[in-house]
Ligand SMILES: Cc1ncc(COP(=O)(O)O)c(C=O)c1O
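One chain comes next, on its own, written as structure tokens: the form predicted on its own.
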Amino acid sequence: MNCKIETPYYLIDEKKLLKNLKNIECVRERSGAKSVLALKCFSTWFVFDLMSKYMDGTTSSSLYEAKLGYEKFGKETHAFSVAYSAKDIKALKNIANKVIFNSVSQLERFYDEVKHIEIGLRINPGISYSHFDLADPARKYSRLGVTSEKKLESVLNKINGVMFHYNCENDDFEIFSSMLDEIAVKYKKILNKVEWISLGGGIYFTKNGYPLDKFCDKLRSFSKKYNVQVYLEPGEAAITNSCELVTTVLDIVKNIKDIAIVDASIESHMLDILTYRLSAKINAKTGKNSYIIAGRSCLAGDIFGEYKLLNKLKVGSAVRFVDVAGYTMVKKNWFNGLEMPSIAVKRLNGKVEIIRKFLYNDFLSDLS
């Protein structure tokens, strides 16, 4: 039976998730490109049983993420880190199918320990698509990936594949296509000598209206031309529009404008909104009633956004923020000691399950 859940809580809808997963499966079938889930974006492993039916594995940014993918998702386990420690490598070499290095120096340092598995190297192509300098992998002085072609060629005999992660929320196929062409020209010698290439994440190919036919044709053509297995690393593309943060209005105060305070916080529960100075998307009909909707932390800028709503808000009103799966649950924190949102899943059959409820003891044990 469906259950009444105390707010705040994240609600993952498997039917909405499935829509993205079927697009991912379609891309694999029509292009040959495999997709591995980017755990840095979404690590809520209780829905991995569903996701693993449509995806080929996981890719990580740390040892803990790699272990999570290996233990809870299965299939292929790709390990990447901006910088590995010796302890990381010791653990990863027993669980990862691929270890991808960020620099030639790290590759050479740890090569002997991981040469029994597939090795990759991240390349910084000097081009990128990003609306934010903060997230631009090819920004000035970027530490992300190798820029020297001479250094790349010096270790070609030690690697099986390469990774180009140069997109951030890129929903423009033509830009994606032209950048891939640039990479193909610039790195032709390298592409002809590796077995696989990862194009990273940040490609919004599950967006409504995205030209999947052209996308698949491009990937298939690229793969055939260079005789490589193409990998995609969808994060947001895998989980977009599949989750809500459900909150309740606790108070409404007036300071020239009406400000509704809900029982959640962007600082604690939707940190990307604060980081990139965005407004949260809301599930509500538009009207003439204007509200600033704010969180209940002591941070002055704890603001979800300003909205014009059809219905007036009052204490006890539900406010549902949508499209919150990506970079939310992986970044939530205990700022102000605020109650952590529970995690719930709406199953394919319509039933809602509470997967995890966080209590005071979780707060207590996390801090000492």
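On a predicted model such as this, the values are computed, not experimentally measured, just so you know. Note that residue numbering begins at 1 and tracks the sequence as displayed.
The same protein has a further form, the form predicted in complex with the ligand, not shown here; the description that follows concerns it.
Partner proximity in the predicted complex, defined as non-hydrogen atoms within 4.5 angstroms of the ligand, places exactly one of 157 to 165, 259 to 267, 105 to 113, 286 to 294 at the interface: 157 to 165. Proximity to the ligand in the predicted complex, defined as a heavy atom within 4.5 Å, holds among Y327, F335, Y54, Y307 only for Y327.
A residue is said to contact a partner when one of its heavy atoms sits within 4.5 Å of a partner heavy atom; K98 fails this definition for the ligand in the predicted complex, lying far away.
At least one heavy atom of E233 is located within 4.5 Å of the ligand in the predicted complex. Under a 4.5 angstroms non-hydrogen atom cutoff, the ligand in the predicted complex lacks G145 among its neighbouring residues.
In the predicted complex, no heavy atom of G120 sits within 4.5 Å of the ligand. Although the ligand is not shown here, in the predicted complex the stretch 9 to 43 places heavy atoms of A38, K40, C41 within 4.5 Å of it, in sequence order.
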